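Here you get one chain, nothing else, as structure tokens; it is the form predicted on its own.
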């Protein structure tokens, strides 16, 4: 590989799905610049496989990409640290340890942080699904506590989106495998302020209502959680849910430090980006993944959009650092969602389309593992 010139520098903050795609694109065709990746976690989780890890279908290492190894193979330097700010005037990234990195072109892919302050007691008594990097360790602790207990346990999921549904069903399956003798004593519930899987069609919603019923999981829709304590989930205008363990999969927000960059953000704190993935107000700053708000083509926070942003982001970073015009990217309006229902069963959803069965789970497994295999260098 020809070493790039050292007088230009691209800094990537965060090891999210989009930046994994950027690394791979730069491995195939390096830009005319030095590239540095700043990563808080050297093992980055792939969201599509996390429910499978919870269910016990995959080992944790199967769902993580080794960023240090990938970066090395791509000729990219890696800094193990966490960004906490950007000095755009000085073109520097501030790290939590007090050090700074200069940049010519900057890209941000730092995901989201849980908005636990929206529910009283959630930060103290609940487990947030995001960020995924810290979630799996908390789930393992929960599982050990369930296994060690000699009394009935109650698990409540707050949030009726795909992530909450998948994780709850996966957790139930893991518990049934792990503690078969006491599985019947462990009750699972899902509480959502809106409709179950509100972003999907009626047939998909009906399928998951049926699946939850078949698996004896209590579902309460249209009920808002007001407070979480050590053993209770309090609800607005409804009887409380008793709970030993509470998981939260509700709306998340952008990391707080993004608001201090001086760049335009939406009400959730997400960076507003143009079709070129450049931040509004600064053509040398790019953003992708969950931390970005595509102002011209709004999309839900889904891993598929972060994955598909990788190649166009890499191309525009290359173009910007080389002094060429950037090009717009339009993400697809709809995408195929493959929503797992524990191991060996899944539901496919796209627009008004719905299919379900064991074969859908195997299709998802093939897609997910094929994507991961690209980065096992």
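In this text the structure is predicted, and so the values were computed from the model without any measurement. Residue numbers count along the first chain shown, from 1.
The next section is about a form of this same protein that is not shown, the form predicted in complex with a small molecule.
Remark: none of the three candidate residues (175, 215 and 356) comes within 4.5 Å of the small molecule in the predicted complex, counting heavy atoms only. Note on contacts: among 303, 161, 121, 275, the single residue with a heavy atom within 4.5 Å of the small molecule in the predicted complex is 303. Between the small molecule and the residues 81, 90, 264, 152, the one pair within 4.5 Å by heavy atoms in the predicted complex involves 81. Note on the interface: of 348 to 356, 48 to 56, 26 to 34, 317 to 325, the segment with non-hydrogen atoms within 4.5 angstroms of the small molecule in the predicted complex is 48 to 56. The shortest heavy atom separation between residue 13 and the small molecule in the predicted complex is within 4.5 Å. The closest heavy atom approach of residue 109 to the small molecule in the predicted complex falls within 4.5 Å. Although the partner is absent here, residue 241 sits far enough away that none of its heavy atoms falls within 4.5 Å of the small molecule in the predicted complex.
Put simply, residue 38 is close to the small molecule in the predicted complex: some heavy atom of it is within 4.5 Å.
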